[in-house]
Structures are given as structure tokens and as C-alpha cells.
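What follows is one chain in C-alpha cells, specifically the form predicted alone.
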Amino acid sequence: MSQIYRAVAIDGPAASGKSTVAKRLAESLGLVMVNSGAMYRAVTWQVLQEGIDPENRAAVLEAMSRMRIDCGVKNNLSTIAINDRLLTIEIRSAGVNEHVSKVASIPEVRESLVAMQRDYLGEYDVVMEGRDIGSVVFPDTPFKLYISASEEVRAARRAKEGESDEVAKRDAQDSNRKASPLKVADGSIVIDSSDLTIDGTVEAAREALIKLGWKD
């Protein structure tokens, strides 16, 4: 009998704290944490490296067809490599921040990367965070959380991290795109992290999972 793996889906807007919560939650539950956004960022980084206009859909897709994308796991965290280059800090650059929503809005890009995201569940129990995990990637999982925070709080968090992308602009781009827009997936428990510490948000997430039927 084959192993059945479980997925915890965590969605939310930029700088809501979902990545940190997902990582801490995965650590506490002994699961693999997958950052789906890193995949879109990696493709965007490569597109920019090749001097391609991120708004040129045909050129982006042609470039992506030539990319060798490898998704892995190291120390229970997802990794992403393109053409044998493991990408880490590069994908947090200002240029990637500015253009990732454009690349991520291309339906064919999302289709390809969603398939890679789903592949993780063939080997691991995962906590996966992003913007369409509960609605598109794993719509059937009962374990769905949506981490939110006020625009002001999220902008302050971005500034503290030394990043300059405008959260309001990202919100509009992610929520209004035709392909897999950011939204609260059916069945999600919403956690507002505006006035919570990271520890408090993680604890709220654990309590929400228990309400959704999670058992260690």
C-alpha cells in the first residue's frame, strides 16, 4: 500500500509573514516546508538574466522551455535550481521583486510550476506557502490557512527586511490576475498577524490546524 502524504496549504499576500510561519510550522510538525514563490522568483531571475522583457509572454515562455528547473529538498526545506545553479539570495533582488508578479501571471508558467509543486506531495508531508496553494495547488486538502496583515504592517516589514517592493501594488497584481488570483480558499481559516508576534502567529496556526482535524 502506497504512502499517503498530507499537505498544509498556507496562502496570503506579500509580507504577511506566511513564509516564516510556514517554516516554523513545518519544523514543529516535522514536515517539509515548500516555498512556492521561490519557484516563480527563480524563473523571473533567469528571465531577467537573459535580458528578456517580463511582459513579453512569448519570450518568457520560450526562455522557460530552455530552462532546466530542479526542485529539491535540503534540511526539510525546498530548494530551486535553474540550469544547475542553486538559487538563494539572488531571487530576493529588487528586480525580481518588481517583475515576479508579471511572470507569475502567465498561465503557462503557473501550470508548469504548479505541476512541480504537486510533485512534492508524492514524496513528503508538506507545508506549502504561496498565493494559490489552497485554491489551486491542493484544493482538496482540509488543512488550509490564510495569513493576512494590514497593508501598513506589511509595508513596514518589507522596509525592515531592506526590500522596496510596494505591497499595495503587489496585492493588486496578485489579486486581479486572471491566472490563479490570490484569494481566501474555501475552507481556509484566516489568521490576522498584524498584532501578533511570530510565535503568536505560529501558535494560532497550530490551533487552527487542530480545528481542521490535524493530528500529529
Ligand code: DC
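When you see a residue number, it is the position in the sequence shown, counting from 1. Just so we're clear, the structure is a prediction, and the values are computed from it rather than from any experiment.
Note that the form predicted together with this ligand isn't included here; everything after this is about it.
Note on the interface: of 29-37, 63-71, 185-193, 147-155, the segment with non-hydrogen atoms within 4.5 angstroms of this ligand in the predicted bound form is 29-37. Taking non-hydrogen atoms only, Ile133 approaches this ligand to within 4.5 angstroms in the predicted bound form. Although the partner is absent here, Arg92 is a contact residue: one of its heavy atoms lies within 4.5 angstroms of this ligand in the predicted bound form. Although the partner is absent here, Val100 sits close enough that one of its heavy atoms falls within 4.5 Å of this ligand in the predicted bound form. Residue contact with this ligand in the predicted bound form: Ile80 places no heavy atom within 4.5 Å of it.
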